[in-house]
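A lone chain, given as structure tokens: the form predicted alone.
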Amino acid sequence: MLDMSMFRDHADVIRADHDRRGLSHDSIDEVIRLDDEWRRSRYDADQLRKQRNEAARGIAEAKKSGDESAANEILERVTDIGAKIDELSLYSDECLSKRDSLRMGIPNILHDDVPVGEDDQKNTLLSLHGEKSEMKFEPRNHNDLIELNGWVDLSRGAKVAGSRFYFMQGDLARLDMALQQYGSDFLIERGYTLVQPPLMMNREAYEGVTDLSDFETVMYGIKPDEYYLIATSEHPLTAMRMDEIIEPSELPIKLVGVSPCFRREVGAHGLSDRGIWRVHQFTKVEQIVICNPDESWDHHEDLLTNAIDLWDSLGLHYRVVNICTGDMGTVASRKYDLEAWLPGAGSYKEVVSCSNCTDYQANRLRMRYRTSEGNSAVHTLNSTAIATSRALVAIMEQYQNEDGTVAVPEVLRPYMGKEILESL
């Protein structure tokens, strides 16, 4: 969330950002009003405490001098002060709770270079990578390829767990594992520390990394323990330093997380989202950076470079887009997406999301670093390296042959020990 100083000293910046997003100023104004009420009630309570302390001294002096009448007179004047203090304290707590609850839903300040637009149709193209495969046959979509080769059993997955769950088997399952290993090795060589995170988080930690009022609908909650299955390793890896003061010598912290991810994916989806494209469980290799605020935009470009170099090495055709205001969520200040070309679907679809969240998550997580002027919020960044199920779709569709076989990208052949995926 935004630091409270932004509302007190730079409310015009927040209002201008809401104008870019096409949002009302009502929540901003209410946060400021509640903050004023909170500060006023705390001040009034402090003044009453001073009166009570002065009265206590006056009563003690009067009794010491034997003037019971004066002592009783003072006592009568301050009899109800305790009740008033309790009332003001309760009111100030209510104002604080409402203020911060509203503040949690107010989005991050967007970077100046975020394009203005209503939805994803207004995202702007940054670059194109690789070449579209010149196929002299009608390309199959990944649904046809997994069925033809027997690599995914959707019906039995639905039988034991429900729709959008699946059994992956044979060489496609091996290729999934190869992608995990290759993506991890790729980032480890660039100075990232490999971490396998817990697959569940408590509510407090989850509220620190995302807007649960919006994101909770796509997450799996676990009752009665009040945990959530993680939707991405970004969330536990970012939250792992919550409530900590980080020494400057530790920064930047660079992590690569590998984990299963769980999402409900509610709502209707198109034909191209079927198969293993939009599923309830998948594996992801994720990049995380926690850094000094002065360096975060350089790290954002580094994360994008890592993703580009990784996907270039797979020999895939894709594009990089700059996400517009209408397609941005609550947390990120700027976001790039990589969208892979799917010949069978005849469209580009998102495979990587690369975000700078500035101090938004750090403020919610109370995550600071030590400075000579005091403790200050770090910046947090995240980027997909490989969401394996979507990478598999891109590989299948771009590396397919006319007979329905699929070639293995060259960089993955040492992990697979073969050049062509075998059917079951």
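What you see is a predicted model; the values in this text were computed from it and never measured. Only the largest set of C-alpha atoms that superpose within 1.5 Å between the two forms is called the rigid core. Residue numbers here begin at 1 and follow the sequence given.
The form predicted together with the RNA is left out here; the points below concern that form.
J.: Consider Ile59 of the chain shown here, and say whether it contacts the RNA in the model of the complex, taking contact as heavy atoms within 4.5 Å.
T.: Close contact exists here: in the model of the complex, Ile59 approaches the RNA to within 4.5 Å, heavy atoms only.
J.: Is there any non-hydrogen atom of Arg8 lying within 4.5 Å of the RNA in the model of the complex?
T.: Output for Arg8 is yes: heavy atoms within 4.5 Å of the RNA.
J.: Heavy atoms within 4.5 Å of the RNA in the model of the complex: does Leu125 have any?
T.: Leu125 lies outside the contact set for the RNA.
J.: Taking heavy atoms and a 4.5 Å cut-off, does Trp38 contact the RNA in the model of the complex?
T.: Output for Trp38 is yes: heavy atoms within 4.5 Å of the RNA.
J.: Using a 4.5 Å heavy atom cut-off, which residue among Ala161, Ala173, Ile245, Ile222 comes into contact with the RNA in the model of the complex?
T.: Selected option: Ile245.
J.: Just to be sure I understand the contacts: of Val218, Leu194, Met177, Leu75, which is the one whose heavy atoms reach within 4.5 angstroms of the RNA in the model of the complex?
T.: Exactly one listed residue reaches within 4.5 Å, namely Leu75.
J.: Of the listed stretches (377-385, 363-371, 22-30, 392-400), which one has a non-hydrogen atom within 4.5 Å of the RNA in the model of the complex?
T.: It is the stretch 363-371.
J.: Check each residue of 9-47 against the RNA in the model of the complex and list those with a heavy atom within 4.5 Å, in sequence order.
T.: In sequence order, Trp38, Arg39, Arg42, Tyr43, Asp46, Gln47 come within 4.5 Å of the partner.
J.: Rigid core fitted, then: does Ser101 show a CA shift of 2 angstroms or greater between this form and the one not shown?
T.: No, shifts by less than 2 Å.
J.: Align both forms on the core first, then report whether Gln47 has a C-alpha shift of 2 Å or more between this form and the one not shown.
T.: Where the cores coincide, Gln47 still shows a C-alpha shift between this form and the one not shown that is 2 Å or more.
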